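Taking the form predicted alone, here's one chain by itself in structure tokens.
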Amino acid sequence: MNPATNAAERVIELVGDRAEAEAFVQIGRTELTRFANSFIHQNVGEDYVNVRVRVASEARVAAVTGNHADDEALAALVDDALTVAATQPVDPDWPGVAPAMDLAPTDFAAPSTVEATPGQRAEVVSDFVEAGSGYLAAGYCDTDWFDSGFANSAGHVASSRGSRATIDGIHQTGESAGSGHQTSTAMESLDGVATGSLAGDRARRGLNAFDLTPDEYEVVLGPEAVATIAIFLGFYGFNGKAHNEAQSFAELGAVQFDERITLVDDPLGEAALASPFDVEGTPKLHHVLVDGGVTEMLVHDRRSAKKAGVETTGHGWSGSASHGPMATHLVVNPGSDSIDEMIAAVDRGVYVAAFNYCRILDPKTQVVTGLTRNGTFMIENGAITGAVTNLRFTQSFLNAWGPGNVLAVGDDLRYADCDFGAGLVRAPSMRLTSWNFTGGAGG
């Protein structure tokens, strides 16, 4: 049994019969190689421990977190949880802990990530830098592997291992920048040459950028931009707590998206990065959120499921009591169009590599404001004809993917960075009928 599960079980022993209790523990190691001006300037590693304990004494509930797994630290954490719980009002929505169930240990950790060395990360960085045609490069390559463990007072125990490796960076010319990103469970899968070449090409094309008149334009979005749309829709829309509180756009069984849109949560697929159970010990399963444009389901933790009168879907996380459950293994199903084919079909529009600094304005309509970043280009007569300075947009993400608004979905599915971080969304490129650009980067 892994050390995280041992620590989780020890927490339950320390609580004893004083309360219902559950513990979720991750013990792992993260290492980071950071570079700027085309030189590595930082290489660090950290062993980490994350412990989350939730107790309920006569439906008075408290959750606390800690970063040590020795017996003394766990005992102090348990005492803190019980002390805080005693001060809380009775929680009528407390769903109780998950029942005991048979959940076999799983191992999603790739040996090449667990065993990765600073020298191997430096090689990936070197490939990224050298692929940039002499431009100045900046970014990072990191690896993370972890044991996850869960235990509760109903006798439910679960354990797993996972890993993630990422290369992320930009090439800069002095007046432009282009980005590249790749994430995988396996360090050996990272291709610094391909990622650096993409960033370098975007930087080169970004020279001599001009200001584009704000308006609605047809767009081709890169995987990073598509991933940001997906994570916003997932967090604010398919969130069971938000739906219970009438703050979600989701209408089950309704055609709310274009028929080309199928959105799934796939924690057990071939490219899975994380734990196959949530912080409440509920198994994670393959779920279809949108099927051919039809909204099929919401995601729930135990609390939101109880209020909705349904079963939890295994989407509890450390912040779900406040913010609601969240899907963190989203996949936007790919299509059959290449990026070149999508661009060739546009008479006049804009290619957007990525969005930045996105902020939700209205969760129910999914109106979001943000900026383009590190690769924004004019498309004319089926070809990229020049770079555009960064643009501000105010756009309903829901409407952008609405019926009739998705013209093509790319065949280039991959893990893409998004406004919420790396390793949460796999997305392809996408061509949309319109996007509402409202100004330049200054406003």
Partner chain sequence: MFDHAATAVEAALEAGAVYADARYLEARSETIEVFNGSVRQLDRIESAGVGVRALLGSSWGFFGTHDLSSRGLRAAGHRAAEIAEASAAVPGDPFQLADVSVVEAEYETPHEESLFEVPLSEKVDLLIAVTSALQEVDEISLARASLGGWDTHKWFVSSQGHRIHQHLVETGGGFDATVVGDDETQVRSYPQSFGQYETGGFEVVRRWDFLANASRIADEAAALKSAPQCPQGEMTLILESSQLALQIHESVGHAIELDRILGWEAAFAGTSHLQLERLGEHRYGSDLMNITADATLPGALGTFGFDDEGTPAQRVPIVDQGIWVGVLSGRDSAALAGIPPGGMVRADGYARLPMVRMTNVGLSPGDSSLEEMIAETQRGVLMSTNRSWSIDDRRLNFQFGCQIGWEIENGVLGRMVKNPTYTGITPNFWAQLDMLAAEPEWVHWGTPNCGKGQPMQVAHTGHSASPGRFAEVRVGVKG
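Numbering follows the first chain given and starts at 1. Fair warning: this is a prediction, and the values are worked out from it, not measured in the lab.
Beyond the structure shown, there is the form predicted in complex with the partner chain, which is absent from this document and is the topic of what follows.
K.L.:
May I ask you to choose, among T173, N333, Q247, S197, the residue with a heavy atom within 4.5 Å of the partner chain in the predicted complex?
P.N.:
Looking at T173, N333, Q247, S197 one by one, just Q247 meets the 4.5 Å heavy-atom criterion.
K.L.:
Going by heavy atom distances of 4.5 angstroms or less, which of A345, A186, V264, A122 would be at the interface with the partner chain in the predicted complex?
P.N.:
When the partner chain is considered in the predicted complex, the option within 4.5 Å is A122.
K.L.:
Look up in the predicted complex whether R303 has a non-hydrogen atom within 4.5 angstroms of the partner chain, and give yes or no.
P.N.:
Because a heavy atom of R303 falls inside 4.5 Å of the partner chain in the predicted complex, the answer is yes.
K.L.:
Check whether S112 has any heavy atom within 4.5 Å of a heavy atom of the partner chain in the predicted complex, and answer yes or no.
P.N.:
Output for S112 is no: heavy atoms all beyond 4.5 Å of the partner chain.
K.L.:
Check I339 for me: does it contact the partner chain in the predicted complex (non-hydrogen atoms, 4.5 angstroms)?
P.N.:
Output for I339 is no: heavy atoms all beyond 4.5 Å of the partner chain.
K.L.:
Contact between L361 and the partner chain in the predicted complex at 4.5 Å, heavy atoms?
P.N.:
Contact with the partner chain, yes.
K.L.:
In the predicted complex, which of the stretches 164-172, 204-212, 346-354, 103-111 has residues with heavy atoms within 4.5 Å of the partner chain?
P.N.:
Result for this chain: 164-172.
K.L.:
At 4.5 Å, heavy atom to heavy atom, what parts of 77-111 sit next to the partner chain in the predicted complex? List them in sequence order, or say none.
P.N.:
Result: D80, V84, T87, Q88, P89, D91, P92.
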